[in-house]
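Single chain ahead, written as structure tokens, the form predicted alone.
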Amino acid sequence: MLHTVNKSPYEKGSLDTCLRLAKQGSTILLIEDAVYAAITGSSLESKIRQASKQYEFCVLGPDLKARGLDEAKLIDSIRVVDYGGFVDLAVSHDRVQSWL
């Protein structure tokens, strides 16, 4: 399953809920303000690194850019995708769950 998370992890519990309920092997795509969870040095870095053992993490590159975030500062296990990559992820998974 592909899980999309769009809310900042510093304002909403969407990412935590996703991590609690997603099944191992799922893909989690961070979009919009959720991209802040992907940055090294944040209070969430250890949580994301630990969760990366169970899930594949991706982040939407244009949303990073729109927020002035540098791809070089991403947690190393996170893959950057563009809009086409987002579509590819949606098509390659049997279901998509959006966490709002």
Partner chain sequence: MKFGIIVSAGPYTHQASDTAYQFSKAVLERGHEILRIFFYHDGVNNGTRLTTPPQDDRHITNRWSELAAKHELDLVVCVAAAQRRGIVDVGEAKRHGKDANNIAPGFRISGLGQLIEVGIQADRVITFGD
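Residue numbers count along the first chain shown, from 1. These numbers were taken from a predicted model, which means no experiment stands behind them.
We do not show the form predicted together with the partner chain, though everything after this point is about it.
> Every residue in Arg67, Gly84 and Val87 with a non-hydrogen atom within 4.5 Å of the partner chain in the model of the complex?
Each of the three qualifies.
> Contact with the partner chain in the model of the complex for Ser98, defined as at least one heavy atom pair within 4.5 Å: yes or no?
Looking in the model of the complex, residue contacts with the partner chain include Ser98, since a heavy atom lies within 4.5 Å.
> Is the gap between Glu45 and the partner chain in the model of the complex 4.5 Å or less for some heavy atom pair?
Glu45 lies outside the contact set for the partner chain.
> Do Leu74 and the partner chain share at least one heavy atom pair within 4.5 Å in the model of the complex?
The answer is no: Leu74 has no heavy atom within 4.5 Å of the partner chain.
> Find out whether any non-hydrogen atom of Ile31 is located within 4.5 angstroms of the partner chain in the model of the complex, and reply yes or no.
The answer is yes: Ile31 has a heavy atom within 4.5 Å of the partner chain.
> Out of 1-27, which residues reach within 4.5 Å of the partner chain in the model of the complex, heavy atoms considered?
Going through 1-27 in order - heavy atoms within 4.5 Å of the partner chain in the model of the complex - the hits are Asn6, Lys7.
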